[in-house]
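Next comes just one chain, in C-alpha cells: the form predicted on its own.
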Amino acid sequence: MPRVEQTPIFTTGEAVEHLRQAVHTRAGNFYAMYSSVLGGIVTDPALMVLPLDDHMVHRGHAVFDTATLANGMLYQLDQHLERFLRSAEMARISPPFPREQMRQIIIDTAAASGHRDASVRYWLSAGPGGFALAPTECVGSSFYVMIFGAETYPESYYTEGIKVVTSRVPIKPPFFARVKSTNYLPNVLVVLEAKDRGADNGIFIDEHGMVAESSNMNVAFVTKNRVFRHPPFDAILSGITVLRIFQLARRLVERGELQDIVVADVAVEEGRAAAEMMLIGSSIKVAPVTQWDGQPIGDGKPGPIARKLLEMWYEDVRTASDQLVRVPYPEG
C-alpha cells in the first residue's frame, strides 16, 4: 500500500503562514474586507476569512447585497442598503449595528481599499456559535464587507448580444426569491445548465408559464410597438438597477423613442416575439439578448434601446449626484 502522510498540526504562527501561502492568484482582486468578528478592516487576502461555525457558512442563514464603486463614488449605496435591510428582516436577522453605522463601515472599507472602481458586497449573517440548525445558539449576528475587482463580462455581450435558454431549474418560491439570501444554488445551476447547452445564461419561468428573471439579473423587453416591458416583482427579486433603468427609460418615452413603460406579466411567446430583450443588473448593467433557445430576438442583433439605456447608465454613474456617495480616501 502507498505510504499515507500524517496530517500536520500547526501552531498559530504556522497556520497564518500557510494561509498566506494558500492565497490563490485571483485574490489580487480582493482589496479590503471588514469583519465584525474581527472588529475592523484587513487588506491582506490571507486574513479575509469567515468562521466555519458562522451560520452563513453551514446553514445559509444570511443575506447580502452589492453596490458599485465607480470613479471613487458609491453608486446607489442607500438604495441597495435599504433592500439589504428588508432582506434581513424577512430572514429574521437583526443587524449588529444601526443602519448608519453599517453604512459608514461600507464607506470606510471602500476607502481602505484604495481603489476607485470596484464591486462592494456586504453580508449580514445570523453569526457564529455552533453547527446546529436554530440560530439561538449564535452569539450575535455578523456583518462583513468586501471590496473586490468589479465583475466583468465579455465585450461580445454588448457588441454581439447574449444567448439564453429557457431553464429547467425550478424557480425559487416567491418569498425566497424576494429575499436576497446567500442560497444561490438555483442561480448557480441555471448558469451551469446554460453553459452545458451552449448559451451564456438561462431564463427562469414561473409556475404560470411567465417570464421571471435570469440567474442574477432582471429580464426586460421592448415590444415591436416600442413598449418597454418588465415582469412584476411579486415573485422575483426587486432589482435596484432595473428600477433606476425605469427612471432613465422615462426620458426615452418623453423623447418619443419609447411609447410606454409597462410592468406586467410577460408570456414566453410574447417575449420571444419582442423587438429587443435585455438582461439588467448591477454587474452586467444593460446587455442585449439576441438569441433565445436558438432563435433570434428581433433581427438577431443588439437593439437601439438596450444601447441607449447602457449609455444612460454610464452617464448616471458619472453625474447623478442624488445617486452617488463620495468615498473619503486617505490623502496621498
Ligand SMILES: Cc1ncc(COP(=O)(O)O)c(C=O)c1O
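The first residue of the shown sequence is 1; numbering continues from there. As the structure is a prediction and not an experimental result, all values here were calculated from the model.
Not on display, but discussed next: the form predicted in complex with the named molecule.
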query: If you check in the predicted bound form, do Glu213, Asn216 and Ser282 all have a non-hydrogen atom within 4.5 Å of the named molecule?
result: yes
message: Using a 4.5 angstroms cut-off on non-hydrogen atoms, would Leu237 count as touching the named molecule in the predicted bound form?
response: yes
query: Using 4.5 Å between non-hydrogen atoms, is Gln247 touching the named molecule in the predicted bound form?
result: no
task: Answer yes if any heavy atom of Arg229 is within 4.5 Å of a heavy atom of the named molecule in the predicted bound form; otherwise answer no.
output: no
task: State yes or no: in the predicted bound form, is some non-hydrogen atom of Tyr153 no more than 4.5 angstroms from a non-hydrogen atom of the named molecule?
output: no
- prompt: in the predicted bound form, which of 239-247, 258-266, 190-198, 158-166 comes within 4.5 Å of the named molecule (heavy atoms)?
  reply: 239-247
query: Taking heavy atoms and a 4.5 Å limit, what residues of 156-185 are near the named molecule in the predicted bound form?
result: Lys180, Tyr184
